[in-house]
Ligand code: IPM
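One chain comes next, on its own, written out as structure tokens in the form predicted on its own.
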């Protein structure tokens, strides 16, 4: 009998509320193994401030090598005021950046979906956000966050200069644009590419290379170009004009955060960071909620686990091609919201408040 290799997830709970929300994903993985005869295996490791406190580094080599060997990494959250005064290379966030860079996770997928049950939670008018479903594809390993030279150095007259370099190549631009075009073909067949080609040469290159790829391989997809500052304005004015937005590392960081707030709560939104397919068609990937570590509510059992649970649903879809199971998990979340169960962050009059673990248990009950 051929022994089938088990599909392994590496769970990195991290800091703050991370262990609480990842704990609910562990319960769901166990449920799938017990009730759907799946073969998921879980390993855990320390990352971020938790790793620094124990090992003096935001991620150890041992944990990093585990990330290389698994199907996907599920990350909770890293960071918090406790570690604000560490030197830059020791900060908890360096674990996240190392995983992205060394695993070559170049495409960050950030859906911004306004759940129909939570339309009133958005700060925008219901008619503006009702039915909102945007996918932002952010380039993740290039641009100003990784460009060289960088640093702070003394200059004349006792002053200092801060240097960061914004740089992109053809291949870096086209590989993330290809992800956006492929996603659009499964959605509404529309891509908006955002840059600052009016003032930045790297932005002009971005626009030209996206256009070249479109004309060569994706002529059937509608492509629009938009300056990043105009996109920020349009997200507030008329967000439903967008389907897939593709943009660079810096603008993607800003625009995806802005888009997330259209939906009413950071506690509901997942994300995926994907690498290129290898010769076997597999991809390296990391999945995480977009919210932070929220140390002010850590340990209180009130954190919203839905974003982390939906991140796991994305892992089922993109890393394991288990679309049916992913859809079932997303539907279970919708059903729980229909039944007016809410964690504290999305609580409103007439709703029933539940804890982190109660929300996870309710979602599992809808999978039955």
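All figures in this text were calculated on a predicted structure; none of them were measured in a lab. Numbering follows the first chain given and starts at 1.
The next section is about a form of this same protein that is not shown, the form predicted together with ligand IPM.
Q: Thinking of 100, 138 and 253 as one candidate spot, does ligand IPM come within 4.5 Å of a heavy atom in every one of them in the predicted complex?
A: Contact check passed for all of 100, 138 and 253.
Q: Would residue 145 count as touching ligand IPM in the predicted complex under a 4.5 Å heavy atom rule?
A: Close contact exists here: in the predicted complex, residue 145 approaches ligand IPM to within 4.5 Å, heavy atoms only.
Q: Using a 4.5 angstroms cut-off on non-hydrogen atoms, would residue 96 count as touching ligand IPM in the predicted complex?
A: Contact check for residue 96: yes, within 4.5 Å of ligand IPM in the predicted complex.
Q: Among 262-270, 278-286, 88-96, 183-191, which stretch has residues with heavy atoms no more than 4.5 Å from ligand IPM in the predicted complex?
A: Selected range: 88-96.
Q: In the predicted complex, which residues of 106-126 put a heavy atom within 4.5 Å of ligand IPM?
A: Sequence-ordered list has one entry, 110.
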